[in-house]
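Just the one chain here, laid out as structure tokens, in the form predicted on its own.
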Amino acid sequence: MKDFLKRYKILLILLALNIGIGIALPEIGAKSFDLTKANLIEMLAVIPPIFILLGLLDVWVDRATMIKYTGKDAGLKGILIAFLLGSAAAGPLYAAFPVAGVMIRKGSSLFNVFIFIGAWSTTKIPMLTFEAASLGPAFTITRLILSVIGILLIAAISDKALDKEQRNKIFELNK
């Protein structure tokens, strides 16, 4: 029971806050409950397909292949693959983190994982096509170029900022 409370402490606190708000301010509590319900339904619709794809990725792609194409020595090829994987992905950003965990477990470099997460969040192909139709190709290309530069800079800074102990902890958490 103690482990359960420790593991779900934040969830239980938020649940208690929601109930408290519902009692004190019923109208706001109802809106809060509706938003929570909508978010839960969205997550339940997104998470199962992501985990199915993760299972397939885990089975179909062996570690040697992942290291070859996105590992530390993959170079430009690894960067391009990380960008393409992130840009072609569908779903909200929270779905990228389990995929990143599998990439780490399979031997991808942290730099390429950071690029993958950055690409997932900012360079999705459907978003680019909508953006080009709505705001024009010049805006879309400018934003895409700046996003790619930003992703590369953030990935490089994040990669360099981690010391050996932090890297080991990340790899240990993803075993």
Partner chain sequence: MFTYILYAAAGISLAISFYKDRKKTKMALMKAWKSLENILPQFLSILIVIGIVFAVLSPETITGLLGTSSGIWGILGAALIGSITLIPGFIAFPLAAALLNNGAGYMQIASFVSTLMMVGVVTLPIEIKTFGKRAAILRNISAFVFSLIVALVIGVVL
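If you superpose the two forms and keep the largest set of C-alpha atoms that fall within 1.5 Å, you have the rigid core. Just so we're clear, the structure is a prediction, and the values are computed from it rather than from any experiment. Residue numbers count along the first chain shown, from 1.
The form predicted in complex with its partner chain exists for this protein as well; it is not shown, and the discussion that follows is about that form.
- Put simply, G71 is far from its partner chain in the predicted bound form: not one heavy atom of it is within 4.5 Å.
- Interface residue remark: L11 is counted as part of the site for its partner chain in the predicted bound form, having a heavy atom within 4.5 Å.
- Within 4.5 Å of any heavy atom of its partner chain in the predicted bound form lies no heavy atom of M66.
- Proximity of A24 to its partner chain in the predicted bound form: non-hydrogen atoms within 4.5 Å are absent; the residue sits far from the partner.
- Taking a 4.5 Å heavy atom cutoff to its partner chain in the predicted bound form, the contacting residues in 1-31 are R7, Y8, I10, L11, L14, L15, L17, N18, I21, I28, K31.
- Positional change of V148 between the shown form and the other one stays under 2 Å at the C-alpha, relative to the superposed core.
- In the core-superposed comparison between the shown form and the other one, the C-alpha atom of E27 has shifted by less than 2 angstroms.
- Relative to the superposed rigid core, the position of the CA of K9 differs between the shown form and the other one by 2 Å or more.
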